[in-house]
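To begin, one chain is listed below as structure tokens, in the form predicted alone.
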Amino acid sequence: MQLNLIITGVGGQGNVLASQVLGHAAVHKGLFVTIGETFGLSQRGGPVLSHIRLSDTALPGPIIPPNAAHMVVGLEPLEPVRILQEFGNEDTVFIVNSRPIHPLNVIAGDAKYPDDRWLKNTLECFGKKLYWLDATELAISLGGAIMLNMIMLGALSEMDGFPISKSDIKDVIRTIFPESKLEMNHKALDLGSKLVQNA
């Protein structure tokens, strides 16, 4: 078994924490895991790309080879499109949060953010399957957009062939978060898995 996963978003969305949670969960299951992170120009607001490689045998390196991503989790919709040509292929499964975060050049009026219909159509046409999820609204209903990463991990745990279950993730976050934060994070994981089940 070998699985190449990318989690992509912008700084401040919890990309790195999500990849660390998955890494710990993989180790607890006896899997080999390597994680590579790449950051944009600014830590908050710039692009963040996490390469997560899972296997039952040793892996050669942390960076996913060109066009070899099996799954891509997008914490916002433009970033998965940015990496399509480099890492995607016709069998890639995309799990994407539909709420955009506008880059600084869009906020400044120097560029236009792509239409959501174009973004969705591009991802649908390029890969094997797209799960287009309204996850930010659920995160806000739990208390804040910061819960988005856990919702998306819950969605990821429902993917066919993904070796880390929602229960595995819950076991890890019990060791990371204080008791007062566990219920909210568990709810976020459950909501994410239901999003996929109902998709």
Partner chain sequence: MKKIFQKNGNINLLLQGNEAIARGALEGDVSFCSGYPGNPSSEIIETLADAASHLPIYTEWSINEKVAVEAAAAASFAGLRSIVCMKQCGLNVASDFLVNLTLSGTKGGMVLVTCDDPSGISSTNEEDARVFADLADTPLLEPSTPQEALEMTKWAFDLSEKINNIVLLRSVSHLSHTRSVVRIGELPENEKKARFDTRNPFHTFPVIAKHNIRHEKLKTAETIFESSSWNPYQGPEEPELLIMACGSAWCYVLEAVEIAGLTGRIGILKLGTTWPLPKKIVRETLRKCDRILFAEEVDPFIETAIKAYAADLGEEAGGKTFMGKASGHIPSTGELNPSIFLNLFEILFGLDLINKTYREKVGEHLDGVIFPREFGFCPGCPHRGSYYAIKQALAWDNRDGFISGDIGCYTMGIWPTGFNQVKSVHAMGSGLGIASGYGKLAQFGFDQPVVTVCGDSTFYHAGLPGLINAKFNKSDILLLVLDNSATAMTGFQPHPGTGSTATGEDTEPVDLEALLRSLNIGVDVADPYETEASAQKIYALLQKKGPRVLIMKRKCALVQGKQGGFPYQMSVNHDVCLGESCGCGRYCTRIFRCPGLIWDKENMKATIDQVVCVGCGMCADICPRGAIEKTGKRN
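Keep in mind that what you see is a predicted model, and the values were worked out from it rather than measured. Positions refer to the first chain, counted from 1.
Omitted here: the form predicted in complex with its partner chain. The next part is about that form.
Peer 1: Using a 4.5 angstroms cut-off on non-hydrogen atoms, would residue 78 count as touching its partner chain in the predicted complex?
Peer 2: Yes, residue 78 sits close enough to its partner chain in the predicted complex that at least one of its heavy atoms falls within 4.5 Å.
Peer 1: Please run the contact check for residue 61 against its partner chain in the predicted complex: heavy atoms, 4.5 angstroms, yes or no?
Peer 2: Yes, residue 61 sits close enough to its partner chain in the predicted complex that at least one of its heavy atoms falls within 4.5 Å.
Peer 1: Is residue 23 close to its partner chain in the predicted complex, meaning a heavy atom pair under 4.5 Å apart or at it?
Peer 2: Answer yes; at least one heavy atom of residue 23 falls within 4.5 Å of its partner chain in the predicted complex.
Peer 1: Against its partner chain in the predicted complex, would residue 165 count as a contact residue? Criterion: heavy atoms within 4.5 Å.
Peer 2: No, residue 165 sits far enough from its partner chain in the predicted complex that none of its heavy atoms falls within 4.5 Å.
Peer 1: So which of 142, 35, 159, 146 reaches within 4.5 angstroms of its partner chain in the predicted complex, heavy atom to heavy atom?
Peer 2: Of the listed residues, the single hit is 35.
Peer 1: For the stretch 106-129, return the residues whose heavy atoms include at least one within 4.5 Å of its partner chain in the predicted complex, in the order they occur.
Peer 2: 106, 107, 108, 110, 111, 112, 113, 114, 118, 122, 126, in sequence order.
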